[in-house]
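Next up: a single chain in structure tokens, the form predicted on its own.
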């Protein structure tokens, strides 16, 4: 299941094996890493799935890796695991965007449920971002004039008003409207408004 892998970063091989076995028992794909440095060399901003991250490790700690991933704009959901409860650290990690901070020993089923929730959230984020990217590509296909007309269609203006504002013939506006609907794959101004809404109603360039 590419894109839904749970990455386990822990310097303790026994912990890595136990977690991998646990996830296999719930049919969750996983991959283990023995150090933060090793995972960081692999990581990219496009990674999807979930990261199960030990806090205390020699060399680079889990918190340091988390900070480095944020700097890379990697939005992989991170669940910290720690055997040393540290409330201020947990609060700060959550404020910085960690998905959860779990103390050892943990309940196996509860941990897997948390991982599945993180993976699901990340999948939805990925789908939403892909959808917006496709929408932006459609808008980019419009000519400058078509984008001017589209702004006015979205504002609810009639063809005659648009023609007067742009100093063009109403028939020309009708042609632009037809091209806009075709390129945006919609059939009406209402559908156009709904289609463009994921962009936050910001006017096209």
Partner chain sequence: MGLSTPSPSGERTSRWRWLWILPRLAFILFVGGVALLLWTSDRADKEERRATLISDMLWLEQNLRFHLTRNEELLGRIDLAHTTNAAGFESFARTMFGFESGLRQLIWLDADGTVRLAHPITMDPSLVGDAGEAVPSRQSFLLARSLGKPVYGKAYPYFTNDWQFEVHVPVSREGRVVGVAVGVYRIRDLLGDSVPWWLAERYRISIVEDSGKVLGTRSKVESAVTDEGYQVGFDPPGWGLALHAVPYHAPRPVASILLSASLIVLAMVVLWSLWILRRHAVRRQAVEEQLRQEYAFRKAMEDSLDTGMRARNLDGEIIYVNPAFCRMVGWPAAELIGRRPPMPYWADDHLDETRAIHDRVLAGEGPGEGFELKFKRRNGEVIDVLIHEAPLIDAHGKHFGWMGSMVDITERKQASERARQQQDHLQSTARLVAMGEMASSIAHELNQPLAAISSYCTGAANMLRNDSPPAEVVPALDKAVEQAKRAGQVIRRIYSLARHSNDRFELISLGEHIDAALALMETDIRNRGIRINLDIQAQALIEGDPVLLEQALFNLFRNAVESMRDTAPDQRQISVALACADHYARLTIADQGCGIDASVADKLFDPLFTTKAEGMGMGLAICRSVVENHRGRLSFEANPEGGTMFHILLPLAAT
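Numbering follows the first chain given and starts at 1. Everything quoted here is computed from the prediction, not taken from an experiment.
Another form, the form predicted together with the partner chain, is not on view; read the next lines as being about it.
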item	value
Residue 120: touches the partner chain in the predicted complex, heavy atom cutoff 4.5 angstroms	no
Any non-hydrogen atom of residue 88 within 4.5 angstroms of the partner chain in the predicted complex	no
Non-hydrogen atom contact residue 128 with the partner chain in the predicted complex at 4.5 angstroms	no
Touches the partner chain in the predicted complex: residue 26 (any heavy atom, 4.5 Å)	yes
Triplet 12, 17 and 109 all within 4.5 Å of the partner chain in the predicted complex via a heavy atom	yes
Among 88-96, 101-109, 130-138, 72-80, the region lying within 4.5 Å of the partner chain in the predicted complex by heavy atom distance	101-109
One residue of 144, 171, 160, 56 in contact with the partner chain, assessed in the predicted complex (non-hydrogen atom, 4.5 angstroms)	56
